[in-house]
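Here we start with a single chain on its own, the form predicted alone, put down as structure tokens.
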């Protein structure tokens, strides 16, 4: 009996420790290559690193230089424009598409994957495709001219005043289907009995959405805001593939600024400080969201 109890105890312990043993190499790699390099980047932001990492501490000097740079001011301004339009337009289009599909329209199973397909593409592919389409020499403008519409002009991608909006167009095209999926899941989770009761009380369709449905989509709106904000802040590959940060610095974002100063201008300390600012911005969005989620579950 004692031996049998010992065998059962050993088997139970093995079942408890086996998943930990299997996951420990992955956990160690994540700790080293993700959080370890985050800490290393924070350290570099306080050093005089240029081409290669250096150990000469300069305190807050890199941050002081960073916020005096006109280049950084342009990048932050562009991010504000891009992120605001990207989040608002994606949310509106996603919500409208979700409401449309929630009407149980015919062919929903075929239409939904079409809207979701762009999210399966990488931002590099999206940027390259939109670059070809928006280029006046080979894209939409050229096609319209070939069809006889000689007065048609659409040169936003070459125009310093409008280039940032081409980045918004490409990003919205890729992410709207994803936000649609989140809102559709939220719509399908609303209790139909509440809606039926409101209709029996004489509520119109507009009142249903304004007073019942939209307020109950608050978690979906919050999730969409967090995810889209994160994507906007770390947008690098889309900008590089679509405009390369140009013309001039018209589409420069903090992510492209960080890469430029770290690897092209050999100002690793300033590049690291800009990366830390981006990390702090993302954390300022993510931490309250995670706290609210955990508090709600408890």
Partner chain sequence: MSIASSENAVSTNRVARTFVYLVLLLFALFYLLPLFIMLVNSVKPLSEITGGNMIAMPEVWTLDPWRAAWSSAQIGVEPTGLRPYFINSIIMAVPAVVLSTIFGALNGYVLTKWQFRGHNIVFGLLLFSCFIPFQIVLIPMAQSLGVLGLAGSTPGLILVHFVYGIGFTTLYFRNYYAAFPTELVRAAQIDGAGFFRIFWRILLPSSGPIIAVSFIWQFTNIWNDFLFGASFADADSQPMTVALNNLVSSSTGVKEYNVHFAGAIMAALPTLLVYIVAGRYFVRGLMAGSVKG
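The model shown is predicted, which means the values in this text are computed figures rather than measured ones. Residue numbers count along the first chain shown, from 1. Throughout, rigid core stands for the largest set of C-alpha atoms superposing within 1.5 Å between the two forms.
Below: the form predicted in complex with its partner chain, not depicted.
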Handout entry: Any non-hydrogen atom of residue 149 within 4.5 angstroms of its partner chain in the predicted bound form
Key = no
Handout entry: Contact of residue 212 with its partner chain in the predicted bound form (heavy atom, 4.5 Å)
Key = no
Exercise for the section: Look up in the predicted bound form whether residue 237 has a non-hydrogen atom within 4.5 angstroms of its partner chain, and give yes or no. Expected result: yes
Handout entry: Contact label in the predicted bound form: residue 198 to its partner chain, heavy atom within 4.5 Å
Key = no
Handout entry: Site check 35, 143 and 283: each within 4.5 Å of its partner chain in the predicted bound form by heavy atom
Key = yes
Completion exercise
Of 223-231, 149-157, 80-88, 188-196, the segment with heavy atoms within 4.5 Å of its partner chain in the predicted bound form is residues 223-231
Handout entry: in the predicted bound form: members of 129-160 within 4.5 Å of its partner chain, any heavy atom
Key = 129, 130, 131, 132, 133, 138, 139, 142, 143, 146, 147
Practice task
Verify the C-alpha shift of residue 248 between this form and the one not shown: is it 2 Å or more after superposing the core?
Solution key: no
Handout entry: Did residue 33 shift 2 Å or more between this form and the one not shown, C-alpha, core superposed
Key = yes
